[in-house]
Ligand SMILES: Cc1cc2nc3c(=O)[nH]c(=O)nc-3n(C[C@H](O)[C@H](O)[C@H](O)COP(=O)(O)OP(=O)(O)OC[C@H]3O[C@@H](n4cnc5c(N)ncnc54)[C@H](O)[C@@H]3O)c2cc1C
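Next comes just one chain, in C-alpha cells: the form predicted on its own.
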Amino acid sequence: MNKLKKNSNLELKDGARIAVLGGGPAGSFFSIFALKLANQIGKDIDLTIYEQKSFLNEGPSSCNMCAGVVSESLVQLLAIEGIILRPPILQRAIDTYCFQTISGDVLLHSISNQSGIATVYRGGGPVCKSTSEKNEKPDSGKISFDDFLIDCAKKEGANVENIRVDKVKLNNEKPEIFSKGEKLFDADLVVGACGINANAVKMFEKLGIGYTSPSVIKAFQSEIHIGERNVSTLFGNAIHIFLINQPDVKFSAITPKGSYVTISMLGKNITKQTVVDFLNNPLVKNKFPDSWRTPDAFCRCVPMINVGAARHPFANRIVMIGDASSARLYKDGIGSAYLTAKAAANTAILYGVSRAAFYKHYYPTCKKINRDNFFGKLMFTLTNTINKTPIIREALLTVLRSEQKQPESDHKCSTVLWDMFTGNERYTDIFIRAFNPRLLLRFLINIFNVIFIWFKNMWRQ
C-alpha cells in the first residue's frame, strides 16, 4: 500500500530524461506537445526521439507504410497548435468519393458543412517509377509528412537519434534503454510510439507490466506511377472505391497523389498477384490511360492495421501511444496518434508519470476511441454485407444517386458514407444517423423496387 501511494505521485522534475521510441506522427506529436507545455510552465526536460528511419529516402524502408490520408479537421487542429500543413506536404485535397460498380458509378461529393481530407507521403515517396508520359519532369514535389513533423519536434527542442533501441529493462521500476547491447541511459519516462509494424512492441510485452499489443490484420499498399497529368485527368480529387467482389478482398480503393495513385487493399492473403488481378479487372483498367500496362515492378508494402485495443498501455514511467495503444478502426490513424500523444504529453508534464496518473488522465482518451470502434465494427460489417449482396447494394446506390439530385439537406445516406470513409466523425454518431427511421424507410422502399425490377426482367426473359 505504501509503495503504491509513493508511486502514485511520480513527477517529472527539471532535467528529467524522456525517451520516445519511434519518430512517426505519434512520437513527434508527443514530443512537440510535451516540450511546448514544459516550456510554458518553466520545466526543463531532456527529450530524445529514437528513430532508425530517415523518412527522406524513397521506398518502404523509409516509409511508415500507410495510405497517407489526413482529415481536414486534423489539419485545422494542427494549425491551431502552430503546425501548418501546406502543399507540397499536402499532395492533393480530396472532395469526392467515387463508388465504382458493374452497374455504374456513383459520385459522393462533400457538402458545405462537411470536412474533407488530404493525401500525404509518409516517407520520401515511392520507388520503381516507370515513365508513363513523354518528357515528364521528375517528381520533385514530394515532402515527407513524417519528416516534416519530426522537424517540428526538433524546433521545439527534441533531440533525434537515428539508432534502434532494441531493449528496455526495468531496474527498480525505472526504465533502462539499450541499443546493440549498450546501455544508453536511465529514463524517467519511456514513450512507446513504435507502432505495430515494429518488433519494438514485443519489448514492452516482455517487461511484465501487463501490456499486450492490439490485434491486427494485414493490408497491402501499392504506389503506381501514371504521371501527374493522368492523375489529375483520370482521378482528379476523388478517392475511387471499387465494389467488385474480388475473392478474399474486403476493401479496395485508389487514392490520387501527385504523379502516383495509391492502391489500398484489405483482406486475407493479399499478395502482389492480388493487386495485379485487381488492376487487370476491366472496371479498374478503364480508369487508367489506354496505353497503360500493369508494371512488372511497383512500390509496395504489407503493413499491419490496428483493429483492436492494447491491454494495459501504461505503467509507472512507461506509456504506449498511437497504434501501439488505441487507434480508430481502419480510418484516421494519424488523428488517433494526435489524440493519444497529446493526452499522454499533458498527463506526463502536468500530472506525473505514474500508473495512477496515466489511468486517470490518459486512459479516458483511449477508452473513448475503443468504445467508438465498437460501432465502427458494426458499420463496416453492415457495409461489407451490402457490398456482397447485389440487391441491397443496388438499392443503396439508387438512394445515393437520388440524393445527389436533391438539396444538400436531403443527403442523409451520402453524409453517412462520406463520414465513414473520411473518418472525420465518430462512428457512434455515424451509427445513430445511419439508423434514422426516414433513411431506413427510403432504403427499404428501394430494396423492394430493385426486387420488383429484377423479377420483372426475369419474367420478360
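The structure presented is a predicted model; accordingly, all values stated were derived computationally and were not measured. Numbers follow the displayed sequence, beginning with 1.
Below, we turn to the form predicted together with this ligand, even though it does not appear here.
Undergrad: Report yes if any heavy atom of R164 sits within 4.5 Å of a heavy atom of this ligand in the predicted bound form; otherwise report no.
TA: Residue-level check for R164: yes, a contact with this ligand.
Undergrad: Is F55 close enough to this ligand in the predicted bound form to count, meaning some heavy atom within 4.5 Å?
TA: Residue-level check for F55: yes, a contact with this ligand.
Undergrad: With the partner left out here, check for me: in the predicted bound form, does some heavy atom of Y50 sit within 4.5 Å of this ligand?
TA: So Y50 counts as contacting this ligand.
Undergrad: Any of the heavy atoms of G267 lying within 4.5 Å of this ligand in the predicted bound form?
TA: Contact with this ligand, no.
Undergrad: By the heavy atom within 4.5 Å rule, which residue out of A67, L397, L417, I45 makes contact with this ligand in the predicted bound form?
TA: By the 4.5 Å heavy-atom cutoff, the listed residue in contact is A67.
Undergrad: Going by heavy atom distances of 4.5 angstroms or less, which of V160, A219, I386, I83 would be at the interface with this ligand in the predicted bound form?
TA: Result of the distance check: A219.
Undergrad: Which of 322-330, 98-106, 344-352, 226-234 has heavy atoms within 4.5 Å of this ligand in the predicted bound form?
TA: Heavy atoms within 4.5 Å of this ligand in the predicted bound form occur in 322-330.
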